[in-house]
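A single chain, nothing else alongside it, follows as structure tokens in the form predicted on its own.
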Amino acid sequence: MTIIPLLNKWNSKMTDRERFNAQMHYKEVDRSFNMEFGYWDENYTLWKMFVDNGIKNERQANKFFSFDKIECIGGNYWMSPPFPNIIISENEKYQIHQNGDGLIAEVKKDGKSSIPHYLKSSVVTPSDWAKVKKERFNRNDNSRKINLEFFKALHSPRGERDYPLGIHCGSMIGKIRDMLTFEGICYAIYDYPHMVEDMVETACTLVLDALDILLPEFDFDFASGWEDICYNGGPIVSVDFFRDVITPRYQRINKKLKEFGIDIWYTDCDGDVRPLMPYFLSGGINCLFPFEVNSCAHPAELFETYGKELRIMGGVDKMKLGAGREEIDKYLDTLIPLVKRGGFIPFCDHRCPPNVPEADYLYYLDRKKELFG
């Protein structure tokens, strides 16, 4: 569909690619990189500007607001084939279904976003894992073959691009948490440590296989990952486990990235990541995304601790976006010195929730432009 932008792209002297790389390396830029991290599903039906203009997903919204362009590609790093999505039972309010990770979950039928109530995992014991690994984690499965020509048709592989392109490096423990559930992984690390480590090694191997194919073919600007293994009380796995089992896998991936000149690697991990920061950094992950403020801290606190070894993408408190324009102004003012110092790209610290009035969201985007554009 043709999307008519609501806002103009911020004035630019640099390309989006030049700007991203300079900002992430603490070099001078014409202005801040301008991006956001999407919206709850409800926003697409509640915000009149989305409804009236047919905006139904994040990619369309990015064009609608004329954000700077950033893209990422990668391989198939998880179950293949996934478990079938099937409805097991339902009543007026709830539906019990099995999802692609093999979890039996209870979800509301009203369509509102919420965390599912997981009832049972398909993987509990080492024998469960052995069966699932054999059936769904075959590294030579046809679905894992990477179509290089497809990616090259989408993204110029070398220096002609005017936007940053990243390579996705999967998840070493977050997707395993998805498969085992929060409670399940907490038990499994102590009951079946060798099983969990084999899961981590399997995830790492699938990523390394894809890197061997993709890295020689593209000039990537950054690497990305996804974990989501922290909440407001800290990590759901022990720091010792993370240091001894997860970090060495990061280091193997990072070695390959560095061989091809990739020195910016972010991972998407919500919650209080501070206990894991030394091990993220020693593993090669040197950028946080989208950096939830209320569950962790103001981004200035981490910059004060880790200096220019760290970068942050995100860090705009979503609670302040829903608290009115005065609070939006006060919070954005605290980010001015961080944007000025570099290594920081400000945007909402998760997907923007529907309690934020669309008029206030547009005000926030205007204020971002005034301060950082």
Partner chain sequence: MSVLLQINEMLQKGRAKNVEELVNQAINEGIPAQSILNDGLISAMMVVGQKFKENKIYVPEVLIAARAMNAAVAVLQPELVKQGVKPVGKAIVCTVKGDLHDIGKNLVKMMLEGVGIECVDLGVDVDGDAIVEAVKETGANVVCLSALLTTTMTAQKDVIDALKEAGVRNSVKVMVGGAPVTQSFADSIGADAYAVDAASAAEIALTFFK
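Residue numbers count along the first chain shown, from 1. Quantities reported herein were computed from a predicted structural model and do not represent experimental measurements.
Quick note: we don't show the form predicted together with its partner chain, though the next part is all about it.
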Please pick out the stretch from 259-267, 189-197, 209-217, 299-307 that is in contact with its partner chain in the predicted bound form, where contact means heavy atoms within 4.5 Å. 189-197
Since only the chain is shown here, I'm wondering whether residue 253 would be in contact with its partner chain in the predicted bound form (any heavy atom pair within 4.5 Å). no
Does residue 233 reach its partner chain in the predicted bound form, with heavy atoms at most 4.5 Å apart? yes
Decide whether residue 117 counts as a contact residue for its partner chain in the predicted bound form under a heavy atom distance cut-off of 4.5 Å. yes
is_contact(residue 275, its partner chain) in the predicted bound form, heavy atom dist at most 4.5 Å: yes
Which pick from 151, 94, 163, 83 sits with a heavy atom within 4.5 Å of its partner chain in the predicted bound form? 94
Have a look at 141, 244, 135, 106 for me and say which one sits with a heavy atom within 4.5 Å of its partner chain in the predicted bound form. 106
Partner contacts for 280-295, taking its partner chain in the predicted bound form and a 4.5 Å heavy atom cut-off: 294
